[in-house]
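The form predicted on its own is given below as one chain in structure tokens.
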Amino acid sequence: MSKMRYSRRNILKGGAAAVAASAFPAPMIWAQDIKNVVLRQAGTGVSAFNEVAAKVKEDLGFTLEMTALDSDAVTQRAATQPDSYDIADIEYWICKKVWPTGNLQAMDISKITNYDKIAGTFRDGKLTPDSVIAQGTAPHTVGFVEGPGSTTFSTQDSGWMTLIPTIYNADTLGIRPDLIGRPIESWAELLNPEFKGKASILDISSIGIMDMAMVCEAMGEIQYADKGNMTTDEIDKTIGIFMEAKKAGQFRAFWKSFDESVNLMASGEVVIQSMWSPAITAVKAQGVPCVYQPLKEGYRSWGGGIGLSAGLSGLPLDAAYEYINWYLSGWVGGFLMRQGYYSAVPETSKLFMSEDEWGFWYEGKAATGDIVSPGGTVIEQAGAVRDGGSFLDRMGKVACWNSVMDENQYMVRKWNEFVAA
């Protein structure tokens, strides 16, 4: 594994001015006061690791306080409690709800060292020139604004970003292959009566409704014009199909945090469910068989990024930009890729992974040795191949993104009725 370190001390040591200038946005004011800076970050538990906060303290000198919440709670805090955080570690669909409040500030891409290395998904929506942009709230559609103070999303790279992208992934259903005992190939299996009482779906409306849409379309029940922007009639039909399944006893439970999904799957109470990559990793770390199952209809995707509070200024704002540049410099990307995520700047993350790790997680190659989780637990052994294959195999089969629809209020009301029924 690479021994490279990214720290201000190492970069500045030796007086390499050109290296220092390329590593940090200028001008930067770094005095003794930096040790007293505390940045409060609110985000979901899938990226709020103590190891990251400790590494920030070691490399950058200031304190990062992380608060881990579920997606709905993060959205509510970002939209209604602007004084409670400095950094919002959120998904792009959340940005669509939060940005109009004015609680986040536009970020100047000229201060982002590795901006030119950020994956095309976040800049123009395309992994390759021939890529077809999937339905839903694709990150690039809410990634730029017209300028500082603007509440209008820009349709092109304006030089001002809403979020600086950090991680993303292609999500699918998690299964217990040892308890199912046969191949699973379609999203439609989530409502297969064979799994009555042993299925689950996540209770986060903007994500769960997209899983529902993948299932309903796979069953041949609904053909959506745009899964990411349903009509009220399509919402009614989608929720109605799942309401019937719920009344028939299809679901063991609903979940909001990946910890809950881990417990359901590891215990065997659930054998097929909506799931996130770190939850799969956590189940495997317990020695329990769990597969992030590739499905013929494709994946539901999401992207996350770092947003800055509108009230952040002065030295704390400088520290926040340095934190972002440090985040994109590779260590965090390599760390989070070990739970199955993709870094928004893969080129730098590769430097902090072994050749075997990179081959397994990114290139879809068979492992030549043990593959470990971010915590160091062995989760795969030599010969294993990542579920779904390479980065292009997985992200190239994205059918939709987590989404906030034009009829969002109506959808959320119907979703809440479904959960409460």
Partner chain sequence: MRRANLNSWLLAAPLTGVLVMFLILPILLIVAVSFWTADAFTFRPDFQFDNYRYLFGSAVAWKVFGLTFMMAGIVWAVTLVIGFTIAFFLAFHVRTQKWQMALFLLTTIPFWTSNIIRMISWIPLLGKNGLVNQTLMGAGIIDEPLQWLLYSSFSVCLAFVHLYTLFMVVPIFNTMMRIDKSLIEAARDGGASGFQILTNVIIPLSKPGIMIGSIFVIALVMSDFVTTRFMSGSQLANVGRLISNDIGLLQYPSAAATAVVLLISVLLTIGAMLRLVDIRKEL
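As the structure is a prediction and not an experimental result, all values here were calculated from the model. Residue numbers count along the first chain shown, from 1. Definition used throughout: the rigid core is the maximal C-alpha set that superposes within 1.5 Å between two forms.
We do not show the form predicted together with its partner chain, though everything after this point is about it.
Engineer: Pick from 282-290, 209-217, 295-303, 78-86: which stretch has a heavy atom within 4.5 Å of its partner chain in the predicted complex?
Structural biologist: In the other structure, the partner sits against 78-86.
Engineer: Can you pick the one in W160, W326, F254, Y115 that has a heavy atom within 4.5 Å of its partner chain in the predicted complex?
Structural biologist: The residue from W160, W326, F254, Y115 that makes the contact is F254.
Engineer: So its partner chain isn't shown here. In the predicted complex, which residue out of P148, G120, P177, G197 has a non-hydrogen atom within 4.5 Å of it?
Structural biologist: Of P148, G120, P177, G197, the residue with a heavy atom within 4.5 Å of its partner chain in the predicted complex is G197.
Engineer: Kindly confirm or deny that K97, E260 and A421 each have some heavy atom within 4.5 angstroms of its partner chain in the predicted complex.
Structural biologist: Verified in the predicted complex; spot residues all in contact, yes.
Engineer: Can K246 be called a contact residue for its partner chain in the predicted complex at 4.5 Å between heavy atoms?
Structural biologist: Yes.
Engineer: State yes or no: in the predicted complex, is some non-hydrogen atom of D72 no more than 4.5 angstroms from a non-hydrogen atom of its partner chain?
Structural biologist: Heavy-atom contact with its partner chain at 4.5 Å: present for D72.
Engineer: Do L264 and its partner chain come within 4.5 Å of each other in the predicted complex, heavy atoms counted?
Structural biologist: Answer yes; at least one heavy atom of L264 falls within 4.5 Å of its partner chain in the predicted complex.
Engineer: Answer yes if any heavy atom of D226 is within 4.5 Å of a heavy atom of its partner chain in the predicted complex; otherwise answer no.
Structural biologist: Judged by the heavy-atom cut-off of 4.5 Å, D226 is well away from its partner chain in the predicted complex.
Engineer: At 4.5 Å, heavy atom to heavy atom, what parts of 391-421 sit next to its partner chain in the predicted complex? List them in sequence order, or say none.
Structural biologist: In sequence order, Q409, V412, R413, N416, E417, V419, A420, A421 come within 4.5 Å of the partner.
Engineer: Cα of S205 displaced 2 Å or more between the shown form and the other one, core superposed?
Structural biologist: Shift of 2 Å or more: yes.
Engineer: R123: CA shift of at least 2 Å between the shown form and the other one after core fit?
Structural biologist: The answer is no; the displacement is under 2 Å.
Engineer: S349: after superposing the rigid core, is there a C-alpha shift of 2 Å or more between the shown form and the other one?
Structural biologist: No, the C-alpha position differs by under 2 Å between the shown form and the other one.
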